[in-house]
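For reference, the chain that follows is the form predicted alone, supplied as structure tokens.
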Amino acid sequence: MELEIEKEERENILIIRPKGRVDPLTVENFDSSIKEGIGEGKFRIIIDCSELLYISSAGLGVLIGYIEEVRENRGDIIICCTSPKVHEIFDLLGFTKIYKFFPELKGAVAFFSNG
């Protein structure tokens, strides 16, 4: 299955919206969308999972690979709008202890706006 990535900027926040599956075949696309944003100095990143069907350990590895750099630059990676199935994957691998999760995009944007 294909992975489509939508990017949006709002209030100096980069919103990345993966549509489809992040798996070993599509992870490079997911990785490059985050890397490109960081390369442009965007360290406040929201991963909007409202249209994410699945994320593999390869996709989770991408998020782990950037979290230190983002936080060192006074930013963060926040995850929102996960379906119960996708949220379970994050939870099983301990991501809910490392990342902030919000049920809606509005709450994730507000976190950065108030931070």
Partner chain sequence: MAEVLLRIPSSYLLLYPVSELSRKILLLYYFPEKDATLFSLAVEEVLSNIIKHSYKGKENGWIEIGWKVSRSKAQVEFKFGGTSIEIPNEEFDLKEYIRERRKDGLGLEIIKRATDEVNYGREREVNWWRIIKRLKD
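Positions refer to the first chain, counted from 1. The structure displayed is predicted, hence computed values, not measured ones.
The same protein also exists as the form predicted in complex with the partner chain; that form is not shown, yet it is the one meant from here on.
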So in the model of the complex, is the partner chain close enough to G61 to count as touching (4.5 Å, heavy atoms)?
yes
Residue-level contact is defined here as any heavy atom of the residue lying within 4.5 Å of the partner chain in the model of the complex; does E69 satisfy this criterion?
yes
In the model of the complex, does S57 have a heavy atom within 4.5 Å of the partner chain?
yes
is_contact(D48, the partner chain) in the model of the complex, heavy atom dist at most 4.5 Å:
no
Verify the flagged residues D31, G65 and K85 against the partner chain in the model of the complex: is each one within 4.5 Å by a non-hydrogen atom?
yes
Contacts with the partner chain in the model of the complex - residues in 70 to 95 whose heavy atoms fall within 4.5 Å:
E72, K85, E88, I89, L92, L93, G94, F95
